[in-house]
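Next up, structure tokens for two forms of one chain, structure 1 and then structure 2.
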Structure 1
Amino acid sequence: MSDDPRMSGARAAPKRRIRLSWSDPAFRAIVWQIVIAGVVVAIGWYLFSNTNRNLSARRIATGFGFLDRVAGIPIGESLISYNPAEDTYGRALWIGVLNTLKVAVIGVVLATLLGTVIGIGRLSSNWLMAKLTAFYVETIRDIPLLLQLLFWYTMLQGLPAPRQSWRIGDAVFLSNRGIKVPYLIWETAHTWAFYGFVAGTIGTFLWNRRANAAQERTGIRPAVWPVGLAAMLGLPLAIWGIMGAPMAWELPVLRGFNFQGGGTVSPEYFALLAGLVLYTAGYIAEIVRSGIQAIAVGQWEAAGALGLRRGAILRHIVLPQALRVIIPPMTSQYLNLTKNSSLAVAIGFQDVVSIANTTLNQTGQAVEGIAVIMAVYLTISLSISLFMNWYNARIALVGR
């Protein structure tokens, strides 16, 4: 409460009552909101009832009951087991969602790393580095993404057949069937080691929060990296070692006209991932470059006066401040990469759009199929936005 004697007799202003008169702005605002909401609901109800009436007239079934029917859709690439003769449309669509996430998550990470390197390279004092990165950005952004995807897919299809495949070392083979690599045989020890890594990550996060609190309270920050190293690396390795330290690899072997065993990176997946990463990295590079240039030159000069090297200035002073400028537009690029993954249908990669299209063609459930696609991309996009907004708020400057 204020100690100012002039405010001792002050009272809160009375709330203005709404008059039921068209001349009252507040009353008019409420009426217009009710009218607009009613019009939107009426239009939605008309579209819904008209769609149902037309579907019924044409004897087209509605609802999502088809998800429990046997799919019979052949899927060449899936992260979970799938048998087209037994599994349902619901499981097939779930495989499509996982394939979309496999592209989106890995693509976001790789595009961020590549775009950051290129963005920093554009500001390099080395003339050749600056010109090469500028040429990359200007070129890659001017070529439509679909053409880039088709280019990479055509290049991979032009590789030799498996019997004449290119060999990298003794266990990696490049052919028009994809990239064959050694495959780790997953055992129980690896599962528990992964659980240990998750637990160590959570423990490191909690210890970091405790270190921040101790620094604010005492001015002394406990070391975080030894705890993080022990929790995130030492704990999984200890669990893995106690359970026998299994490390068996399944190597690809050429038998007949194709390879047997090992892991496969299909041409469709590699072309989609390469195209999305290279294309999005061009935009991320410009975001990183502009974020760095938004930091005042005095920051560089002050740090240089203290004897810090240019790399140390960039890592410890400039980039942490530039993140506050970089994060919002970066979120848009992550969303664009995720939504652009729907172009996978053009090169035959079976993501959620491809499998949903096959499903609606077989079942005739066009409205439900489109609704599933919309729901999947809406959920993924909202999840990315929520996480990035949380991170942006976490690194924002806090007024005192």
Structure 2
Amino acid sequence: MSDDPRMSGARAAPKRRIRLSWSDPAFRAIVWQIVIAGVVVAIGWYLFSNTNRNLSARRIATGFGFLDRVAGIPIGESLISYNPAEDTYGRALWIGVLNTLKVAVIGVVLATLLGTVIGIGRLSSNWLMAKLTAFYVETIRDIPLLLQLLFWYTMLQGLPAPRQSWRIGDAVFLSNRGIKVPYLIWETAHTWAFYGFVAGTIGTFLWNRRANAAQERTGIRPAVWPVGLAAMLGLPLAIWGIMGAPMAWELPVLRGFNFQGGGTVSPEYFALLAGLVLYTAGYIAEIVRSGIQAIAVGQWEAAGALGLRRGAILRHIVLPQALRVIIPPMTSQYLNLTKNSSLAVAIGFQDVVSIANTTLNQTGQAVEGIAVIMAVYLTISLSISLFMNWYNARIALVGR
């Protein structure tokens, strides 16, 4: 409506001078803004000066100098190397950030998958399926996440000890120390195979575009999947084979107290991930369901009349439209999951909150510790928001 040229002329108020009178709303607005801003600044300054006075009176150290000091605190799991005797608080906190991201990224992917499945399950024509998924969604959303995390963590501790662990051959072990999996000894051939995979993916993508173009032109779509299969799977395998097909695994071996070697998924990480995924999936399911339901039945029927199959309708007609409804609430669920990962502190997964917490406790610098936590989460939240806004804009309905 605002694009209407007839309106815009009438809308733009003529520029006029502000009268210094209380009866002029513009003047009043300025006065009020000065007053409100003044009050906020005054409160802020008051708190700041109090804090400063208190910190100096109690001889509590300030500043971020501690980031360069040797930490000395032990850390359980870390994506990068860490030695408490040498490394600094700064590196310890960075490990925390990486751990947070490790949970958040994988959590978002899994929660989306599970949530979508459950959301579609709620719309199933199978009564049992629909009721069960509805029951799941209702129950999981009514229990505090913290309680769920504590519950899962306790459950995982009920697993057998390393010596009695459940195993698949000599390779995979499941015990209360976590899941132990073989660790591939990485060689150049693997790196090249990986490059091959990347090249294959790009190739498949390009072929797909060509197929689309061909379909537009001729109405016949060249088959995509054989090419994709060959490029994404065949190419890396071929490269790997040519380079001698190295395949050496480092198996986890029970030695002394614990398994040595191999890769680990710790119970703390697993409990946190499971709790976050199961909880968030309950919300995502509802978003997906309402997104699909928001698409008018006419769309299904019209597509059906054109002779499309059900799967094709869902993929080409319904989902693209539903996505527009789904993306904004989904974004806030992703943000929630990321923020909720801070509950790790209760079950001993060392995310950024947990490490910052220990740091502020050992250094006595509470203000800086909390500032670090907030800065990290603000950065992550803003990044996710920006990305999802970009994606949302990309898939948004193009105005005619």
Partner chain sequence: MSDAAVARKIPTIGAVAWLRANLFGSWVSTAITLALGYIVLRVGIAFVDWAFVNAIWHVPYSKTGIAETAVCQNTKGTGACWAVIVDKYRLILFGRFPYDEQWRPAVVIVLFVALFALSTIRAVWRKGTTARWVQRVALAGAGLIVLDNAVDLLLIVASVGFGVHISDPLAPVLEMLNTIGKCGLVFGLLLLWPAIGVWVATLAVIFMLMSGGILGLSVVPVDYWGGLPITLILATFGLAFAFPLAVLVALGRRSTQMPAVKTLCVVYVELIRGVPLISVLFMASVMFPLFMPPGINIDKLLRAQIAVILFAAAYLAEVVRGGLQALPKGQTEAADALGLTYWQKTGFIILPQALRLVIPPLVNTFIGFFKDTSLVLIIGIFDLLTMGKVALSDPPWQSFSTEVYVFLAFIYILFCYGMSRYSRGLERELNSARGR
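Note that the structure is predicted; figures quoted are calculated from it, not measured. Take the two forms, superpose them, and find the largest set of C-alpha atoms that agree within 1.5 Å; that set is the rigid core. Numbering for residues begins at 1 and runs along the sequence of structure 1.
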Fill in: Form predicted on its own - which displayed structure it is
1
Fill in: Core fit, then residue 187 C-alpha moves 2 Å or more between the two structures
yes
Discussion item. Rigid core aligned, does the Cα position of residue 200 differ by 2 Å or more between the two structures?
Written reply: yes
Practice prompt. With both forms fitted on the core, give yes or no for whether the Cα of residue 240 moves by 2 angstroms or more between the two structures.
Written response: yes
Worksheet item: Superposing on the core, what C-alpha displacement does residue 215 show between the two structures, in angstrom?
Response: 10.7
Worksheet item: Keeping the rigid core fixed, what distance in angstrom separates the two C-alpha positions of residue 30 between the two structures?
Response: 3.5
